[in-house]
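This document starts with one chain, in the form predicted on its own, laid out as structure tokens.
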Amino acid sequence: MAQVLVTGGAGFIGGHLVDALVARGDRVHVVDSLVPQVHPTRPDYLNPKATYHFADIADRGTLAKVLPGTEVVFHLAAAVGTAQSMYQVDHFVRTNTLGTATLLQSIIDQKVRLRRFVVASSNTIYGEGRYVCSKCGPIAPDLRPDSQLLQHDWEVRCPTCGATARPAPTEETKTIQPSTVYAQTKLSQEQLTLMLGRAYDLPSVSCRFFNTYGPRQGLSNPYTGLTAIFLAQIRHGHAPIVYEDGLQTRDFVSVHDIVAGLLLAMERPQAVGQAVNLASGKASTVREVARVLMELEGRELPLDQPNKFRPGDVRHCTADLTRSRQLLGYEPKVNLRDGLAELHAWSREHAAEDHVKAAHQELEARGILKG
């Protein structure tokens, strides 16, 4: 049994983590600001055996109350939304970077002796994933230029010979190339945590989440995960909006596998000081996800493909799980179809408002959607 602080513990991933910690017998405190975009109303799944503090993570007074006696911190609190971050720069930097700095400063000032600090990082810090050129070998390319994308030429080209490159699993040692404000702030959260962890003997681990989905995902938030966005559109009989050609791939991972990985990061000493991928290790196209969700909903809809793109989006990114298997003993267990079926079943009892068209128009108005 441990005293555990979960920041962002009223959120999608945080709520599942809190339940798992309570089930272990841990004493859990949660700090969460209940942002209206994420939580239009107070979540109905808050665990009655946890203690909740509804405050901003940068509220030093709250941190002064919850940190004494804390043995483990899971820092999940963050503003999320890659596209939205490009026009809410100060909000994302203040919430993610400064919020993390304030939490770490409070731990240092209060001389809290932690046995683990686990921070939620993101696969977005990689930029494009790893690729292989048949002529030149492994490559870590920059983002595709707008000049290429405006011609609807979507695939990644080898920077040396210009040939189409084949996606490959992305390991933690790949060059970091954040391409959005959100990605840059997630990188800063990770780097601050690992750097100060070494300096102050705070055993720290960074978990790089890939595209997480599952029950409790915000179905009415147009800046949440792709699976929930598609589900809201399909539920209302609206064709899912697919950028580019829909053949871009992502690594979709169940929230249950993410929570299992976080618990391992809390316990396994081999991972201290390291960043590890938490993912499924499998590539799925955006079209495939839309097709499965339509099958589950019992609807046949055309895809809305405006042949537009968002600068900063990557073409392919799938996780290499070698390090997380070696250091954590991590092994994902939920396959995509079963996981989407669980999300769909849960969604039948929850409201799903479709605000995607309005978000699409907002991106266009701000010049963040091109084509």
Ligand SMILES: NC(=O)c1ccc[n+]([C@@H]2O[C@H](COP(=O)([O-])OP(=O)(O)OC[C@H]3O[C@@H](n4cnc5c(N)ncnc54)[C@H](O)[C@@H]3O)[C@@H](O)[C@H]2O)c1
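Everything numeric in this text was worked out from a predicted model, so none of it was measured. For every residue, the number given is its place in the sequence shown, counted from 1.
If you look for the form predicted together with this ligand, you will not find it shown, but the lines that follow are about it.
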Look at the candidate spot formed by 264, 279 and 334 and say whether this ligand comes within 4.5 Å of a heavy atom in all three of them in the predicted bound form. no
Contact residue in the predicted bound form, chosen from 320, 56, 26, 304 - any heavy atom within 4.5 Å of this ligand: 56
Interface residue in the predicted bound form among 120, 83, 242, 234, criterion: non-hydrogen atom within 4.5 angstroms of this ligand: 120
Tell me the stretch among 154-162, 131-139, 205-213, 170-178 that has any heavy atom within 4.5 angstroms of this ligand in the predicted bound form. 205-213
Report yes if any heavy atom of residue 286 sits within 4.5 Å of a heavy atom of this ligand in the predicted bound form; otherwise report no. no
Answer for residue 38 alone: is it within 4.5 Å of this ligand in the predicted bound form, judged on heavy atom distances? yes
Heavy atoms within 4.5 Å of this ligand in the predicted bound form: does residue 10 have any? yes
Is there a heavy atom of residue 271 no more than 4.5 Å from a heavy atom of this ligand in the predicted bound form? no
Determine the residues of 163-189 with a heavy atom within 4.5 Å of this ligand in the predicted bound form and present them in sequence order; the list may be empty. 182, 186
